[in-house]
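Before any questions on binding or motion, here is one chain by itself as structure tokens, the form predicted alone.
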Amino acid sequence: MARKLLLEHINVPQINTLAVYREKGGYRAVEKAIKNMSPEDVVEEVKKSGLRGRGGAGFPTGMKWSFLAKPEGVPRYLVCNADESEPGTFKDRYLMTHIPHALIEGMIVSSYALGAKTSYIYVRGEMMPQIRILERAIEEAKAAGFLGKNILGSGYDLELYVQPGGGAYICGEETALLESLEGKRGNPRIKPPFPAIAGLYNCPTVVNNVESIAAVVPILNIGAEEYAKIGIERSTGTKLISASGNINKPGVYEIELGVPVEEFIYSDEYCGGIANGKRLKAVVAGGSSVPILPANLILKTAKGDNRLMTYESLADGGFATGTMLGSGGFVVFDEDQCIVRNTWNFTRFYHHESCGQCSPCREGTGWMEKVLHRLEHGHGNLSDMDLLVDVSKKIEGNTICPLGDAAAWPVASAIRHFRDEFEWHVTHGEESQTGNYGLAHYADPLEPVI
């Protein structure tokens, strides 16, 4: 049984209340940090743990904290990115719903470490139940003396606010989030300057994901060295995975980083195998923005090694044969699923959610959607695949924020690994609308085109 740090008490009745959360050891990390550690000690502990950002980028959290500027007389801010709008990802919502105090405690410890006296949790606007849950948890924590003036008699003050989001995918990008938090349209900012220098209200700011902040609590409770022993290589600790698609047991799972992908898909402890006895066709491992991989490459690397649920192993081989752990939105496709339809669906989303600020993304996502629409509906040409690859290359790396890359990578990888399926849509025309998209059409559809 895998070790659980964040979801250990998830099934305890009323764990969402302060009283029960305290019974299970809640707010010990706050007491330890504020009473026995300096802010610098907390930052160093997070550094030593090896914790990497759980929102998608995987950047070392402690290192990100150390970049925060500390000019005299200028406030600093901690902002929690709880926008969670990546298709296929729902683990932060799950954590906020069931154990809200884990996030509140993490916010207090992290704010103390950064010297922030005002902090914000920016929650996706559609998540009104979670917003209310967090607001109740903040009221409980404040009444118990963990928030507000002179926390635990330490002289440290902290006010924590929940801010509903703007209902846009782009607000999951940290600078667009800050623009939205300031009451502006959520357009990404040009960097530099980075938020650590000029963030919220032009002041030094750290933006971290929900899971990243919540993970600070077990790091302080068990110690950085013990936390770093969990996992493998530079992928330390545990990770929440949102598992969905054609599996027997969809849900949120906490894994020790380093679990083999095959075990995660097929073991009863996790996904429980492919639903209805079907064969595995492909996996999107880290949310809709990461490259899709066919069955043989998601289970093994190009070198033949077993693929592991780590940042390094999933990325092995680069985008030619690898992908990204990303936000942990693990979507499984069985043999009957249409890759063309899935890719078109993702592209529709990115076209709709583009802020329009950068012409490669604004125009490129629109063109990709149109071309994929005609392919999916039986009106495509064999040259369309090369056109899509060309458009994706013109988008990638040419936008202010990563939304352009997020739109380009799924398209390029789908054509790279499933070109024969795209070609089948062209050759079968209108028939492709009612045909079986599964294994029957291909000599060996599990063999990638590299």
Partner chain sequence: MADNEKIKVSIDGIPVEVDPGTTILNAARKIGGDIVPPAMCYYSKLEGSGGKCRTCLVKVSKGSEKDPRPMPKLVASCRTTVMDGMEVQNITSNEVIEARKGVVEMLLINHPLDCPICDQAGECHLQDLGFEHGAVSTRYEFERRTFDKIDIGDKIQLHMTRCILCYRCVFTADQLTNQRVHGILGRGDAAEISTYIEKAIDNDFSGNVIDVCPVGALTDRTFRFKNRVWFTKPVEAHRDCPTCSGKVTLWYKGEEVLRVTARKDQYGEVEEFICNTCRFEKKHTADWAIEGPRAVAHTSVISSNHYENLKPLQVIKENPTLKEANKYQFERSVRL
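On a predicted model such as this, the values are computed, not experimentally measured, just so you know. Residue numbers count along the first chain shown, from 1.
Form predicted in complex with the partner chain: not shown, discussed below.
Indicate whether Arg348 is a 4.5 Å heavy atom neighbour of the partner chain in the predicted bound form. The answer is no: Arg348 has no heavy atom within 4.5 Å of the partner chain.
Would you check, heavy atoms only and a 4.5 Å threshold, whether Arg28 touches the partner chain in the predicted bound form? No, Arg28 sits far enough from the partner chain in the predicted bound form that none of its heavy atoms falls within 4.5 Å.
Quick one: does Phe319 come within 4.5 Å of the partner chain in the predicted bound form, counting heavy atoms only? Phe319: no, not in contact with the partner chain in the predicted bound form.
Would you classify Ile151 as touching the partner chain in the predicted bound form, given a 4.5 Å non-hydrogen atom cut-off? Close contact is absent here: in the predicted bound form, Ile151 is far from the partner chain, nothing within 4.5 Å, heavy atoms only.
Of these, 45 to 53, 417 to 425, 60 to 68, 382 to 390, which stretch puts a heavy atom within 4.5 angstroms of the partner chain in the predicted bound form? Selected range: 382 to 390.
Of Glu159, Glu135, Glu226, Glu363, which one comes within 4.5 Å of the partner chain in the predicted bound form, counting heavy atoms only? The option sitting close enough to the partner is Glu363.
Among Ile190, Ala143, Val74, Met128, which has any heavy atom within 4.5 Å of the partner chain in the predicted bound form? Contact residue from the list: Ile190.
Sequence-ordered list of residues in 348 to 374 near the partner chain in the predicted bound form, where near means a heavy atom within 4.5 Å: The stretch touches the partner through His351, His352, Glu353, Ser354, Cys355, Gly356, Gln357, Cys358, Ser359, Pro360, Arg362, Glu363, Gly364, Gly366, Trp367, Lys370, Val371, Arg374.
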